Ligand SMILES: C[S@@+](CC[C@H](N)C(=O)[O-])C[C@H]1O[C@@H](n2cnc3c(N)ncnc32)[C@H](O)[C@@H]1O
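In the block that follows, a single chain appears as structure tokens, in the form predicted alone.
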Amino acid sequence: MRSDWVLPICTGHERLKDENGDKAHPTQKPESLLHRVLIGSTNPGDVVLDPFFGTGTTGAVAKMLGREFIGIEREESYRKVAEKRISKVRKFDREALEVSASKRAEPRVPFGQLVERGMLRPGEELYSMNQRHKAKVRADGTLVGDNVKGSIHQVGAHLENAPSCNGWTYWCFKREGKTVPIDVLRQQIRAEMHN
């Protein structure tokens, strides 16, 4: 999920009107806001509570996304608008409700675990993807190269004179004449964790 929250205000076809053609609620929330919140914090089948239900934006979006909801609203006029609105909402199909996990949600694998498991050996050389730099693996899961030592990320950043570096995609090892990214080994460990 993205970290930026640029959302439109509630206008146009989304803005609900009362029987006089006036705004049904002065601070109706945009569905995009509730969509972002519910996708990021709930799963299909969960129950969402909105104690200030207003015109039912939370309930409408929850229903679309396959969530149950409880709405509490003291104003009868808002409750009527919310009931009418929610009665027209249809839930998305099951396949559309599936959410892909982000890379950050995957289990963390320390580089040292590759060394501990013998997937990489102390003293083995790693090469930058562009083959310009190399570093040696140390027994404690750190690297040492051209006057620098530290993590796979720190050494890569230093060698590239960059503020940061994703060492998993920067470093490769050689097997049978082929250059292989170390991230392949991390993915092997992750696959074992899921079994």
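Since the model is a prediction, treat every value here as computed from it, not as a measurement. Each residue number is its position in the shown sequence, starting from 1.
Keep in mind that the form predicted together with the ligand is missing from the display, and what follows is about it.
With the ligand omitted here, the record of contacts in the model of the complex names 72 to 80 of 88 to 96, 108 to 116, 72 to 80, 121 to 129, defined by a heavy atom within 4.5 Å. Proximity of residue 133 to the ligand in the model of the complex falls outside the 4.5 Å heavy atom cutoff.
Put simply, residue 158 is far from the ligand in the model of the complex: not one heavy atom of it is within 4.5 Å.
In the model of the complex, residue 186 stays away from the ligand, with no heavy atom inside 4.5 Å. Although the partner is absent here, residue 54 lies within 4.5 Å of the ligand in the model of the complex, judged by heavy atoms. Proximity to the ligand in the model of the complex, defined as a heavy atom within 4.5 Å, holds among 147, 27, 164, 43 only for 27.
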